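One chain follows as structure tokens, the form predicted alone.
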């Protein structure tokens, strides 16, 4: 009889365990469509962003400018909407402009990092200040509200009981998964993250692949900024504050290696959803904010430990296969 591989199903098991525990502790509050909808809505921006930043993580890079680029693109869409008359067309132009800004920012990151061989954390550490400064200049360091119906619908409109941002997250997850698992470019991303020198020798255009990863990260960050601005109906230089840590944490919890070459989109989305469930559960149980950090830290350690067990199990299996092949020769 084949032994059940617990580590392989660690992520679904953790989610199920959370759902069961919260269902027992707060059945009426937790077990409702509205609550599940709110949980997914609350993590949708993180989920959208991590679908792009996972490409950067997979090549061994990092983007520390996520939060401030999110703020800058949020300001861009709101300011352009106001500038063009607060019409649905103005909203569309603002959205396109914000996405273009995000893609351009990603391209600049990729070009500087690959051309001058500067560590990604230094480049994005510098640009986070630039994006923050641009957001402050455009808003005069004030909060700019936007209640145009066509704009607020992006973050508030519901379809089948779930807000539109949840569908954005799912669509982005499917697109990212397809690119990474079903395209040549996706295989190149994993190869570059595993060994960039070997990839270059084998004919892979490492520079082009890397720039593409940063462009995708910039695009999803911009989309996250647009959605977040719509949810809050405003934009400022502080929009998206803390999202850099949230996105990186979601990826790490989901098994994405910051050293590159390892990680999946479903795993990253799992990390985002687990964070949402954790926050929701702490709120429902009225856990004081002074204790929330402790509980979150412990859960993150457990989740990462399960993931480490999975990778260790896979490594052992590979070692056994290699050993068997060696013995059969």
Partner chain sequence: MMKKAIALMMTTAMLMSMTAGIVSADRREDPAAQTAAAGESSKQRLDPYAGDEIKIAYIAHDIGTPNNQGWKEGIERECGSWSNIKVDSYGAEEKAENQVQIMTDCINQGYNAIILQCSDGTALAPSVRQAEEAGIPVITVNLDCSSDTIHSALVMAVDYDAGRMAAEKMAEQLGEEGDIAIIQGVPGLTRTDNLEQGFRDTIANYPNINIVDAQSASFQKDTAMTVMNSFLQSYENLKGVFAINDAMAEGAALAAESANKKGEICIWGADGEKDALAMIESGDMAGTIYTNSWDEGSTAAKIALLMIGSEYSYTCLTETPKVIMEPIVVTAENVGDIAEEDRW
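Residue numbers count along the first chain shown, from 1. Predicted model only: the values in this text are computed from it and were never measured.
Another form, the form predicted together with the partner chain, is not on view; read the next lines as being about it.
Although the partner is absent from this view, residue 41 contacts the partner chain in the predicted bound form, with a non-hydrogen atom inside 4.5 angstroms. Heavy atoms of residue 264 never reach within 4.5 Å of the partner chain in the predicted bound form, leaving it off the interface. Not displayed here, the partner chain is kept clear of residue 112 by more than 4.5 Å at the level of heavy atoms in the predicted bound form. Remark: residue 140 counts among the residues lining the partner chain in the predicted bound form, judged by a heavy atom distance of 4.5 Å or less. Per the 4.5 Å heavy atom criterion, the partner chain in the predicted bound form is contacted by stretch 225 to 233, the sole one of 225 to 233, 209 to 217, 117 to 125, 94 to 102. Out of the listed residues 249, 257, 241, 196, 241 is the one that sits within 4.5 Å of the partner chain in the predicted bound form by at least one heavy atom.
Screening 29, 64, 295, 302 for any heavy atom within 4.5 Å of the partner chain in the predicted bound form leaves a single hit, 29.
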